[in-house]
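First, one chain by itself: the form predicted on its own, in structure tokens.
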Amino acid sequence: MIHPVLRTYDLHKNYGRLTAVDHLNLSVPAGSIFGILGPNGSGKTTTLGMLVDIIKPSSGYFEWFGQKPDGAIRKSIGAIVETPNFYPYLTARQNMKIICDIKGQAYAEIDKSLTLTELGARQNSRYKTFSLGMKQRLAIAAAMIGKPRVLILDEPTNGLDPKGIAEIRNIIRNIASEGITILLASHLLDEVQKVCTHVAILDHGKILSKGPVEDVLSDSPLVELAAPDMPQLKSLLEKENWVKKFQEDQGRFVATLKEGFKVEDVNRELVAKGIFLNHIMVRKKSLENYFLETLEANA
């Protein structure tokens, strides 16, 4: 039997009357990049904290590789959940040697970790000279010491500029290409869409939706529509039963189609009713659209 890398069973955490994580059931496939997506306060960091034994669950439990976690299993999990501590006056390489000493690993791992995180050229620079993005990459390099089977990242691109975000995204993909499963929490919807293979949408500690990203996004196609007579098009869209909803965006209507209705049916339906379009285009549904719709449906 092939076990998922991680499975949680009604994982629950309260702080007094506050429920931070509410009976969470997750299954993370091996080799996936699994995103836990949610706004601030949704329970993402608390969930990761329980999975790395920083926080004790109030009830429920979890398994790594089909087993209850023990010392050996914990060593196979690299994580950045809290702000990593490095010595500012030491170089990247010197800091990595300390990490190796703490983990009981050979210094030979340092070169690969620094190369993987694109820090090889700066290995002899002091940590205090690093940009925020470089500091985050060094934290990932440190988490990779010990050759983990799983890498856990909490908001890995938080506070970074677009260049730094793109660098972290590429590093995550490179790590995943080596067969390492990645579990990351983020509120950056676009980044989760670009890098993750699977996603769970979390709000107030509860899972609202989960599954492969491509399946989540395939729901309810979005279609951009424009016609010479826009008021007439609007009037029709308000009445059509194949339109789930629509809104105006930059002089065009963006319609969400109901389940079972295909994009190729749109033009035919409109022409039959005397509406001739001068613009029709499928707009790929973003995770943000799905996230906001899911929150609204569960409000």
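Here the structure is a predicted model, which is why all the values come from computation and not from measurement. When you see a residue number, it is the position in the sequence shown, counting from 1.
One more form of this protein exists, namely the form predicted in complex with a small molecule; it is left out here, but the text below deals with it.
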Original post:
Counting only non-hydrogen atoms and a 4.5 angstroms cut-off, does P29 reach the small molecule in the predicted complex?
Top reply: no
Original post:
Using 4.5 Å between non-hydrogen atoms, is F276 touching the small molecule in the predicted complex?
Top reply: no
**OP:** Consider N40 of the chain shown here, and say whether it contacts the small molecule in the predicted complex, taking contact as heavy atoms within 4.5 Å.
**Re:** yes
Original post:
Y15: heavy atom within 4.5 Å of the small molecule in the predicted complex?
Top reply: yes
Original post:
Looking at 59-67, 41-49, 266-274, 237-245, which one sits within 4.5 Å of the small molecule in the predicted complex if you count heavy atoms only?
Top reply: 41-49
